[in-house]
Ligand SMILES: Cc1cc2nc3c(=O)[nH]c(=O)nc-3n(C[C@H](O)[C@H](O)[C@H](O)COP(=O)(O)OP(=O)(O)OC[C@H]3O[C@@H](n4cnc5c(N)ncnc54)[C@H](O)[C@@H]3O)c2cc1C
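The chain that follows stands alone, in the form predicted on its own, written as structure tokens.
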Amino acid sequence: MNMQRQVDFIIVGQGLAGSLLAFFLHKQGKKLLLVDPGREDTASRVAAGVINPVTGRHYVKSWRIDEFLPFARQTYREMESLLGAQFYSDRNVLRALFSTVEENNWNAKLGDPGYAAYMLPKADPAEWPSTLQPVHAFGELAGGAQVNLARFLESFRAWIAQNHTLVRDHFEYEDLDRSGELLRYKEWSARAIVFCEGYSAKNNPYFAGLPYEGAKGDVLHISLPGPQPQKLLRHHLFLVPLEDGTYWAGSNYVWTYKDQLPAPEGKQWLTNQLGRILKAPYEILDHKAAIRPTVKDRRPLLGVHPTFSNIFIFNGLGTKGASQGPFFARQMADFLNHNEALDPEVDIRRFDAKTR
């Protein structure tokens, strides 16, 4: 007799979205099966995990950062305690200003009370200048942070394998049986399934119609001489000091691509930008690339399938995932277990049914 192994939820994908959702479902006492092939070239594992509270050429606060940032910090600290690993660091962001106009625009924002928690009245770039090409001026942001996503995901993978069930394999959509009250997948049965597949969701037959706009990004890992700064640097690209003494440099946005492999033109673009930033010699240690699961309106995708009430999606965190992910993972868990309403800005019902 084929005995089914029962769980409450199947989560497909153990990237940032799937891991955070699993954490909150675990807190709510649910039994989980995670299915993930364990690839190392996914966006969650290639990204630097930067949390940047003020972004863009007009120095605008990231969407709902006042709400997301404290919750993200609390969540990552709680997960560090659970996993016995350190992966979250509060870090100021040093911002290069390239002209008097940019400096004046920066200083104008300093007078806005809504930015007082983030924009410092005076920047201190002392950690970086011997490494950098001359720049007009600097601004400095408090409230930035970095999540070491590779360490976070590896630690969580080991924890899930010990405390729930982890299957290291590609999910086979044709093996999902919807004929009974419970969903069945191979030898498991579950109350519901949640797809957290990143850009791979474009191949998901249940949610492929959602407006994905995946963006490929190349990054370099480099070494630099001298003492390592602690502050993140936003220049022509991001330079992120890593705990092993190296640096993460990235990233570009490529909207047309044939695959997700590191591309020579991506590497060339990055080295061109580094030439504009650094006067110190550097060594390229590695070149990686991945495709981010960006969405048409730059908002995450949360919700239930329009036909199947036990098939869900939690995806599309994109470049802001480190800051937004914890907040929406808890919201998704509450939606799954308590039928609490989803934020209309992230509910997939915001898109016309024809797109689904």
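One-based numbering along the sequence shown. Computed from a prediction, not measured in an experiment: that's the story for all the values here.
The next section is about a form of this same protein that is not shown, the form predicted together with the named molecule.
K.L.:
Are all three residues Leu69, Arg73 and Ser89 in contact with the named molecule in the predicted bound form, where contact means a non-hydrogen atom within 4.5 Å?
P.N.:
Not a single residue of the candidate spot has a heavy atom within 4.5 Å of the named molecule in the predicted bound form.
K.L.:
Could you tell me if Leu16 has a non-hydrogen atom within 4.5 Å of the named molecule in the predicted bound form?
P.N.:
Looking in the predicted bound form, residue contacts with the named molecule include Leu16, since a heavy atom lies within 4.5 Å.
K.L.:
Do His170 and the named molecule come within 4.5 Å of each other in the predicted bound form, heavy atoms counted?
P.N.:
Yes, His170 lies within 4.5 Å of the named molecule in the predicted bound form.
K.L.:
Could you confirm whether Pro306 comes within 4.5 Å of the named molecule in the predicted bound form, counting heavy atoms only?
P.N.:
Taking the distances in the predicted bound form, the answer for Pro306 is no, it never comes within 4.5 Å of the named molecule.
K.L.:
So, in the predicted bound form, is Val12 in contact with the named molecule at a 4.5 angstroms heavy atom limit?
P.N.:
Contact with the named molecule, yes.
K.L.:
Give me the residue from Trp248, Tyr206, Trp159, Phe138 that has a heavy atom within 4.5 Å of the named molecule in the predicted bound form.
P.N.:
The residue from Trp248, Tyr206, Trp159, Phe138 that makes the contact is Trp248.
K.L.:
Please pick, from Lys61, Arg299, Arg330, Arg292, the one residue with any non-hydrogen atom lying within 4.5 angstroms of the named molecule in the predicted bound form.
P.N.:
Exactly one listed residue reaches within 4.5 Å, namely Arg292.
K.L.:
Tell me, please, which stretch of 91-99, 162-170, 266-274, 106-114 lies within 4.5 angstroms of the named molecule in the predicted bound form when heavy atoms are compared?
P.N.:
Within 4.5 Å of the partner lies stretch 162-170.
K.L.:
So which bits of 37-58 sit within 4.5 Å of the named molecule in the predicted bound form, heavy atoms only?
P.N.:
In sequence order, Pro37, Arg39, Thr42, Ala43, Ser44, Val46, Ala47, Ala48, Gly49, Val50 come within 4.5 Å of the partner.
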